[in-house]
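Coming up are structure 1 and structure 2: the same protein chain in two forms, each one given alone as structure tokens.
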Structure 1
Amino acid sequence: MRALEPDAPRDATTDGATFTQLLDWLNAHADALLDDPGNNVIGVGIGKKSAGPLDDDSPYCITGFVEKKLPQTQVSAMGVASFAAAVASASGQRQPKALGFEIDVVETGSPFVAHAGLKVPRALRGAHGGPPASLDLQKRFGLLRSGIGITNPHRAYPKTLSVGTLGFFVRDDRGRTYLVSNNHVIADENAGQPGDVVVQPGTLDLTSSELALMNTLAKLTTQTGIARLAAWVDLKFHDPHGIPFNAVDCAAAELKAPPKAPARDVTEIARAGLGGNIVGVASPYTIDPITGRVAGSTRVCKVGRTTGWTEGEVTQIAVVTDVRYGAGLARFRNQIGIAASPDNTGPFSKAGDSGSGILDRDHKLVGLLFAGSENRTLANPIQPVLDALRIALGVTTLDVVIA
């Protein structure tokens, strides 16, 4: 799929008014665009016409996500609307040239899927997950930190093995410390129970000998438990009565190991993987109303269980899209879209990286990774994550643990 070029050039201004116009359009029309299966669009957000970083000099545009770009002739032969025609139709316009703003199409390579906490039958251990990252975050860590592999094994172990990523740590007004990850990593897509033991490493990362020695859930949690599930924000899935919106995919587990579990060192929990420290929380991405420039670092990095340290660029904000989970399809709004920077040898994230904290160039948290496709990553903005967890935990304050 590709955008049709209008007969006359569009205005290429990049001021704040253009961004506001696009945001208003998203709020009014994104649902209609996604709900029409004839559009073949899997997501829509605000990006740059260059499809590059959000802080480059090209104009803002409505960006459509499609699994694969196709020639216009093939699009027509399939009876699928081009993105330009789909946007025009959703806007109540007959022709794309009447829109009054720029559009672009980005190829994702696959649908957006909750970046699994990898879950596989025990018999397939070794066939999934790839080799260890160059910074091996798949082993057992005596010194806890962000970016390492974790999982909630309840209701699955030992038949199914799983793993996701520990994103970062927070502390409430009563001095209790929690690890933060995704609902689908440690709260089992709403099926978790308060008090479930979270283990490290994830069960998919245990050796055959370890699996044999810890052949029951009780033995596993006694040896590898590091925290207990404390709260999560329910995921809301498509149902016959409508399509509810989600803002976050997050959960928190209190650092409270089971009795007799080997002690873990928590003196350096502000560390990001094997690298530097998390130093704070970034301000939300905003657009200057006069210049139209984005405020905030769009150069980002993350440390995840599967791909380790990777670097990327924020290429879209205000993304509205459907994400596939094991329990169903969930619609998210106001998400961050990220692409790997040219310095990477692969994608920004893969399955098993779910739950990673996204850091800007100053090592401040900007988001929580939760989903992706072959070549794009989605993250919840960090402040809604913290606000939602504070409410779910029933605490007055909740602060990120920093160096």
Structure 2
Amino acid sequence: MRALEPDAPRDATTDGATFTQLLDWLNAHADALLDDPGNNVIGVGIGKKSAGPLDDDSPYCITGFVEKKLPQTQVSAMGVASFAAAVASASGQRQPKALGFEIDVVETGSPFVAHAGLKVPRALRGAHGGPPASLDLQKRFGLLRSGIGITNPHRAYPKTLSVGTLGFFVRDDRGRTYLVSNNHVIADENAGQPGDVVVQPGTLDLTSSELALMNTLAKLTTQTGIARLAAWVDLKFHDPHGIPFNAVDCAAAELKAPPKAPARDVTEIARAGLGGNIVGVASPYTIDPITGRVAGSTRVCKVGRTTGWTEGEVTQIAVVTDVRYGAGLARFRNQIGIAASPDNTGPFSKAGDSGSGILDRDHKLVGLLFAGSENRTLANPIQPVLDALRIALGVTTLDVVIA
């Protein structure tokens, strides 16, 4: 183990260690730091010494996360190593001042936990909805567009409330228009029935008054229905006989509201949230066999019901992983891994963003968001989603609605 060399190259703009150097340090020492029971660090990362936005002028630093910041005297009295001492120890240095970089401690207030899925018993309403997104995509939209909150309330409402995101719209060779989201958002993890009404906004985003006024499924779908479930791709879960692979978590609902439902305007369905338009479908990522250079824009963004507009970077392709659903574990392969870009002050996605369309910097669709962990978002590549839905719908062509 080693600290940064004193004469290691510095980032001229920050007068501290470069981001890459700190990343190397984290890769080498973060495990040891977190595994050491002699400190109270629950996480470690890279931040700004100011603890502010990543684009401010202060130097990058190694940031330690603790549940509660304590005075030095109390830390010493408890026999716990200070963050500075712990970092120095993990680096093989005797003194914190020998480190070639800045450090900082951030109080989290609680341990990190994975987000609960946004399908909750009605009694817990309010505990999970959280504050409105910066772009308020949780409310009723007269003008339908991508990125707004939807759900399939059948089999759950009014006992359980839920919400996910409307990803984008497609049109088949007979001129029928469908909204696209995840199976687990609008097809109830394979339990959906053709013709189920998809509502907007999601039931978790209704106010108490709205819930009281629409206290039955029939009243709810009459007032807020926008589409009817048309097709989905079954999720295959781990079972005693083996572990099948999944490629997509997707479903389509035809824009066909219940007879008495107030009409919605569909003239802006190529628009992503309150931002720009979806302009096409990106080519699948290809990779140079020798250099590993990826052809295509890896800078991506999405509009989702919970976190609104966020930007990220595709950091992994060909991802193989298990994903936790209410009905069990499902194994996926050939997925896209996305991390929030430094432009973001928060994660790329959170619970309730499932179903969001992932757009590249040219606003072409590259994927369909369906899951996340503490620091990564997973998306299905877009082409398998379109191919699978075309087959599931039994249509000849299926094109994304673009501006």
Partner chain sequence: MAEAANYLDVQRALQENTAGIIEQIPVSALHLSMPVDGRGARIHASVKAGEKARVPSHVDVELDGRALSIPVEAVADYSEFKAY
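In this text, all values refer to a predicted model and were calculated from it rather than measured experimentally. Numbering for residues begins at 1 and runs along the sequence of structure 1. What we label the rigid core is the largest C-alpha set whose atoms superpose within 1.5 Å from one form to the other.
Shown as structure 1 is the form predicted on its own, with the alternative form given as structure 2. Superposed on the core, the two forms differ at residue 95: its CA moves 2 Å or more between the two structures. Once you line up the core between the two structures, the Cα of residue 290 ends up 2 Å or more from where it was.
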